[in-house]
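There is one chain below, alone, in structure tokens, taken in the form predicted on its own.
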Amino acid sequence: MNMYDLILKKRNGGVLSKEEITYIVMGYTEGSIPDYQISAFLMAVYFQGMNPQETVDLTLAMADSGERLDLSEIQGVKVDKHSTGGVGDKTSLIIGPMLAALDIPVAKMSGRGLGHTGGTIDKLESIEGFQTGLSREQFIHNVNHIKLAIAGQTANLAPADKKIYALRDVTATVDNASLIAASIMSKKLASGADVIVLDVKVGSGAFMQTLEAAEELARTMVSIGNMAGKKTYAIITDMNEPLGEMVGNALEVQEAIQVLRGQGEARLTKVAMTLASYMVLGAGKAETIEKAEEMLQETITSGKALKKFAQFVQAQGGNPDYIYHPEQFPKADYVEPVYPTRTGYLSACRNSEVGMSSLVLGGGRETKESQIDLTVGIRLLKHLGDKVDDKEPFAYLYGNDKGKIEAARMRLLNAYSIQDEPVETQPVIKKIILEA
């Protein structure tokens, strides 16, 4: 078996065997296959595609390229979720405590953000003392006793994905459903969960811009999960505007707390409830989605989910008072109002520009080495379809640098379109994929 023949086979539309795909992935991970040959292979896949079995074989080979987390010591059905990424997405912070309050174990490996906002790990680190570098023993102990742990990803979790993604990023081969699905699902399969719920974002602030593209990706990932023996669901959700009111690290944790208090913004609450309901269903704790949602709502009404969030924070070295008294979170020096350019109705949002406004303030990373300012961000008082008045703020910017605030203001204003006539609002849940 040699790489030249395999590149040629895929370039000509051939179907690769499991052994051939494993040879490619392991060879590249170990360094025996050079970058230029993998680049050629990725371009062949980009143009010729992969069939479902090839995609599954690629995913499993990538998952097996490093260590797989052994969660067998954790009692119960382990559930996990993955979001394809968006602006203001803080659902993991809401879902984890709700599920833990129902005694459903959530053992989550999360990453740091690269782009307009921080990742789940960055957000949690805005809580005084919070630690994400848990030992395996501590991680498992926390899940067994509290039912929730969120830790930083280990360096050896699906290392093939890390190497291959770096190449895709510089060879214009990112935008391929099989390669995207294998990248996401290899990490999920290596993370050891029994049930996987996928939040596939679609719209101007998402990687998948159209419903058709999002559905293709969702079905591909559900197929991979099910063929790998994992109960897998995908929820396609709207990302044509930020999710919730807050964009920014400490601000988003505070908004998650608001949801757990029963005071959350409607679209954010709907997405979190829908994702969590399918996790409850997959764990076998409810017979129907309606029953699952009723159980989840009770964790909020009773205060159990908020209490679980505080327990989780304390177990990972954080100050639990932050959860009950969010005014303790670090604050930006300046809070500046943003007035719309005219009176009318918000009709469209270039959501990636909202994310870039947060990045300009210092809330995201331009490179992996960039330092995030956890205090900065945006609060949006209005959503698509709402009426705005040029004499009333529709947003606030939180920042520590007046120059950055002014630059962010211009980007934020440029992100929104306003029209005279009322606008029909779109549902936040676009589609639910239960099977491929």
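Residue numbers run from 1 along the displayed sequence. Since the model is a prediction, treat every value here as computed from it, not as a measurement. Rigid core: the largest C-alpha set superposing within 1.5 Å between the two forms.
The form predicted in complex with a small molecule is left out here; the points below concern that form.
For the options 285, 231, 168, 162, the residue carrying a heavy atom within 4.5 angstroms of the small molecule in the model of the complex is 168. For the options 273, 292, 184, 71, the one in contact with the small molecule in the model of the complex, meaning a heavy atom within 4.5 Å, is 184. Residues placing heavy atoms within 4.5 Å of the small molecule in the model of the complex fall in a single listed stretch, namely 184-192, out of 348-356, 265-273, 184-192, 94-102. Using a 4.5 angstroms limit between non-hydrogen atoms, residue 299 is distant from the small molecule in the model of the complex. Of the heavy atoms in residue 223, none are within 4.5 Å of the small molecule in the model of the complex. Among residues of the shown chain, residue 83 is one whose heavy atoms approach the small molecule to within 4.5 Å in the model of the complex. Shown alone here, residue 124 lies farther than 4.5 Å from the small molecule in the model of the complex, counting heavy atoms only.
The two forms, fitted on the rigid core, differ between the shown form and the other one by 2 Å or more at the CA of residue 164. Core-superposed comparison between the shown form and the other one: CA of residue 384 displaced by less than 2 Å.
Superposition of the core reveals a Cα shift of 2 Å or more for residue 62 between the shown form and the other one.
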